[in-house]
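A single chain comes next, written as structure tokens; it is the form predicted on its own.
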Amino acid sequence: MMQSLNRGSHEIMIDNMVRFHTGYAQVQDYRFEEEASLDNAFYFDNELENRITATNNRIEMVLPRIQTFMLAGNDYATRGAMVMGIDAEKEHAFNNLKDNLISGEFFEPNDRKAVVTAGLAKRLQLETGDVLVLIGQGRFGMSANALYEISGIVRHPIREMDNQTVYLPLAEAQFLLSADGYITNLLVSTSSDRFTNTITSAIASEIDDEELTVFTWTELIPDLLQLLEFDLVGAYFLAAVLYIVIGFGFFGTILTMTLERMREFGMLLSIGMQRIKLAVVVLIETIFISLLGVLLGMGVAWLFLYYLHLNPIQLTGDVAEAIIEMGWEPILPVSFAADQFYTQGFYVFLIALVVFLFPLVKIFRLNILEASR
């Protein structure tokens, strides 16, 4: 339960980062990672799209984006903004972006309109129908200035991006930035994270002779992974304490079982049973007890977590408001990652083997006459 609740929030965070920010894998110009400039954009057309999607049948789609930082403003204020040219239909198919609209509507591919995130709209006091000013530089230092009507306001699930993002139709953004046909990022979508390394290797083999490179999402956001791993340290420490308690409880059970059966052990040895065979019998009993407990514990835990999955714990008060402000549901999600279950069984099995050392020593040191009396 403890690990499931902890990892459930982590999975939502990673899922949002992958779907809205990095993709499972991402193709870039090899210079873009070091210098995220429009000068390091690359040409994207149907031929390149077909080549990449053909590398592995696990690839569901590719999402072209062009992004840069510009000044966004109106009559009252200006703010730094990340301007992102996107294919709205593909974005929605990948991350349900349109479902996060809080007012207005998304632009069509050929429109000269913009969609801004809720945090930026609040900072600039913008509403649907207002005019947004964008000022910046395009490719190779070209001037990039334009006015856009705001067609919609969307709440972004990543707070940092919610405070600074402006969406434009891909073709319009390329025209504004003097980068017709060019993109800065090509996101790759697959059905599951477990295929990421496979499709990344396939894409890398296809583009190894070009000025392109491909990254997995773990390579693009290592800081987030380190933060989540650090957050898990506390959970692992509490789990270690819990395993110590479990170990002593298990030891008490085996100790009682062993001491109560000393006469039985003495009788078995006195009629000719080998000590090694008696030790094997006790080991089988120990494993049977631990296996029964593990299966029962896993079953109860799975049912309880499934109930929490159907009826998640609702957060209220200031905590709920903070979670909603970040664009997430005010609930405690649970994780059904398989390793949460089988690792517990593995650790309990190790505890059982350690505890088994006590009856093993008792059997091999047992004085038959004393035990029989």
Partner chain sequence: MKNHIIKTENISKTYNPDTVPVHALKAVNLEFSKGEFTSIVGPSGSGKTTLLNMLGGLDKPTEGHVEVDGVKITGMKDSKLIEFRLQNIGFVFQHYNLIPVFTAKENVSFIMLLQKRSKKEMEHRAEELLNKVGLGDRMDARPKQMSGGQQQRVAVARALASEPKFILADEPTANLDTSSAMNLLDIMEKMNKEQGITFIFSTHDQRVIDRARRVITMVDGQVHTDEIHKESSSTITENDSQRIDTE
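Whichever C-alpha set is largest while still superposing within 1.5 Å between the two forms counts as the rigid core. Numbering follows the first chain given and starts at 1. Keep in mind it's a predicted model, so treat the numbers as computed, not measured.
Keep in mind that the form predicted in complex with the partner chain is missing from the display, and what follows is about it.
Comment: the partner chain is not present in this chain, but in the predicted complex one of Leu124, Leu268, Leu212, Ile153 has a heavy atom within 4.5 Å of it, namely Leu268. Taking Ala301, Met273, Val133, Leu242 one by one, only a single residue has any non-hydrogen atom within 4.5 Å of the partner chain in the predicted complex, and it is Met273.
Although the partner is absent from the chain shown here, Glu264, Lys277 and Ile368 each have a heavy atom within 4.5 Å of the partner chain in the predicted complex. Listed stretches are 71 to 79, 134 to 142, 256 to 264, 111 to 119; the contact stretch with the partner chain in the predicted complex is 256 to 264, by a heavy atom cutoff of 4.5 Å. With the core held fixed between this form and the one not shown, Gly266 has its Cα displaced by at least 2 Å. Once the rigid core is overlaid between this form and the one not shown, Met257 counts among the residues whose Cα shifts by 2 Å or more. Ile363 is among the residues whose C-alpha shifts by 2 Å or more between this form and the one not shown once the rigid core is aligned.
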